[in-house]
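What follows is one chain in structure tokens, specifically the form predicted alone.
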Amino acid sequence: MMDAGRHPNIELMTYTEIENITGYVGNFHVTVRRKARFVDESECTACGDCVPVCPVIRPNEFEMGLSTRRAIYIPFPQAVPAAYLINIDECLGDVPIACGKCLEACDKKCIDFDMKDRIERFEVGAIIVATGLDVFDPTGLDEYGYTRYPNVITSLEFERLISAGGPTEGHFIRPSDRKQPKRIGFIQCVGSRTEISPDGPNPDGSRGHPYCSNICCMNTVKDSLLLKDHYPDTEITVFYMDIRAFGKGFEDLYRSSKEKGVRYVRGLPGKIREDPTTHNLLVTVENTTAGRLETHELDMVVLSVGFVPPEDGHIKKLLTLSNTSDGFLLEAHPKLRPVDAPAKGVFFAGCVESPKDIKDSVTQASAAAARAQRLLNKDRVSVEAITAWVDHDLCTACGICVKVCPYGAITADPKQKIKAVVTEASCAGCGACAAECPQDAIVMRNFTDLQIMAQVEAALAENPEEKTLVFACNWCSYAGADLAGVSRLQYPANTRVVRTMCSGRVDEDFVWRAFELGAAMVLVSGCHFGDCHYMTANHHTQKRVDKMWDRMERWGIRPERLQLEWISAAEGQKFARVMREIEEMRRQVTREEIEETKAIIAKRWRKRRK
């Protein structure tokens, strides 16, 4: 951070919050609030004369509450700039004159209680999101006694106790009596790999999350080696489910830890009790390897807590980003574009996308910087010729397209009757807006309604009752069909595939037209939820197909004749299997049923269109 602060081409804005972000790739407008420090950072020399006289004492957040700070303080030793700031919510102030002692102690006169927050605006071409993560709070795990027993600490608190720059200057002690602990236990997977049931006791994640936090196992191995190096006579016991040592050299570290005498017990403790006299901890655990219930008496227990996504979703809303099921941000593609956000011009670095160690965070940060540089080196931003445009003669400014666009690329104001406008640099061409527009005012370049309708009519021009029409999204199900072909997988030859960029592009009119032409079966297929290349566009597909099923029931058409399947690019076998199953359904559709359907569609759909 200090190197970045001295770099001539880098401006660090510390103690600053982002207020708003507007615009699009290559043309982002960022508004920030630079919070008042109440200390002139250009004059402050960090002499520290103001600190001893400050009467306000608060827990030190950087030291995990294991030491204290004053209302005027430096957040952490390597903070940039190396100047003090005042937490005005804690400060006694000088109006009325209740304190003001720091003003008297400062020879440079750099303390100013009249400072105000500053709003600054600037333009950028690309944005890298690196907002990090939070640490799981084990307070909800009452069986571990984290809030009741002083000698039960988290792994982050352990790091501060063992650190040479920590509150104890590297002398490892236990909080209850400040004596060196001889028997230490580590409990793994605290807050990680926990089953969550929507109807169970943990729907809010208060007792943990189902994903692995990635670094906890090797962090414990590192801590055990550190303890053995400084205090060789320490007895260390690690309680675990599975040790995941998957990185380069990690297995060697794990083996070295066991060779130095660290004991690994396969099983997570069910309860921790404290001896009120000695403050020692009695840990009850089922040793699943030995098949017996054990009780271990320990001087200190370290909870190896997992990671959780940041609670503040402000940046996510500003940049129109999506979450994965575990709460971390969703990348454009997990393999092909792992550092790109679905929104153009936005990139990810570090643990904002998933839990990862330092090496992986540095690697992703380098990749994100390279991707941003590649974008900024261009004179112009190029877009594919699949974007949307609005016919203002048909647009009624209803605003539906604004709600369904996953990228926020469309602006409109129904109240002011301002018609929709598409920012093409932000548009990815999914087509969800065109499919939802009730006035057909939105046109997708090279995937227009007329072009897709022409494909439908050509596919069903001869013997339509023998055909199965498939609408396949470009990125997943169409690629899955291609994989089935190159893999020589057998599926019915009467399948006719119409490619769209996204399943969200499949308009109701395409399906009704297919049934009107005599199609026996229609399949709409796309990416799995959470894997859509257009973030949440396939959610609109699901809602649209649900409406069509309801309408088919009301019209007297069997809903089974319209199928919806999620097929990924790697699921060629699934595509072939689904097509074989649909062929079995098609054979059960009679000519009389098809003719009746054609009559119903001609009456109902045509009337509705008018």
Partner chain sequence: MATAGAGKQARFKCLRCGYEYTDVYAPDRERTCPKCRSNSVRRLRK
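Numbering follows the first chain given and starts at 1. Rigid core (definition): largest C-alpha set, two forms, superposition within 1.5 Å. What you see is a predicted model; the values in this text were computed from it and never measured.
The same protein also has a form predicted together with the partner chain, omitted here; what follows describes it.
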Check your understanding: Do heavy atoms from each of E565, V578 and E581 fall within 4.5 Å of the partner chain in the predicted complex?
Key -> yes
Review point. Looking at R255, R266, R263, H528, which has any heavy atom no more than 4.5 Å from the partner chain in the predicted complex?
Key: H528
Practice item. Check each of H279, R183, H539, R273 and return the one that places a heavy atom within 4.5 angstroms of the partner chain in the predicted complex. Key: H539
Review point. Quick one: is G48 in contact with the partner chain in the predicted complex, heavy atoms, 4.5 Å cut-off?
Key: no
Exercise for review: State yes or no: in the predicted complex, is some non-hydrogen atom of R69 no more than 4.5 angstroms from a non-hydrogen atom of the partner chain?
Suggested key: no
Point to revise | Interface membership of W549, the partner chain in the predicted complex, 4.5 Å heavy atom rule | key: yes
Review point. Is there a non-hydrogen atom of M585 within 4.5 angstroms of a non-hydrogen atom of the partner chain in the predicted complex?
Key: yes
Exercise for review: Could you list the residues in 390-414 that come within 4.5 Å of the partner chain in the predicted complex, counting only heavy atoms and keeping sequence order?
Suggested key: V404
Practice item. Using a superposition on the rigid core, decide whether the Cα position of W566 changes by 2 angstroms or more between the shown form and the other one. Key: yes
Exercise for review: Look at D223 and decide if its Cα position differs by 2 Å or more between the shown form and the other one after superposing on the rigid core.
Suggested key: no
Check your understanding: Once you compare with this form, do the C-alpha atoms of E331 and S568 lie closer or farther in the predicted complex, given a change of 3 Å or more?
Key -> closer
**Study point:** Cα distance between V190 and G530, which in the predicted complex differs by 3 Å or more from this form, closer or farther
**Key:** farther
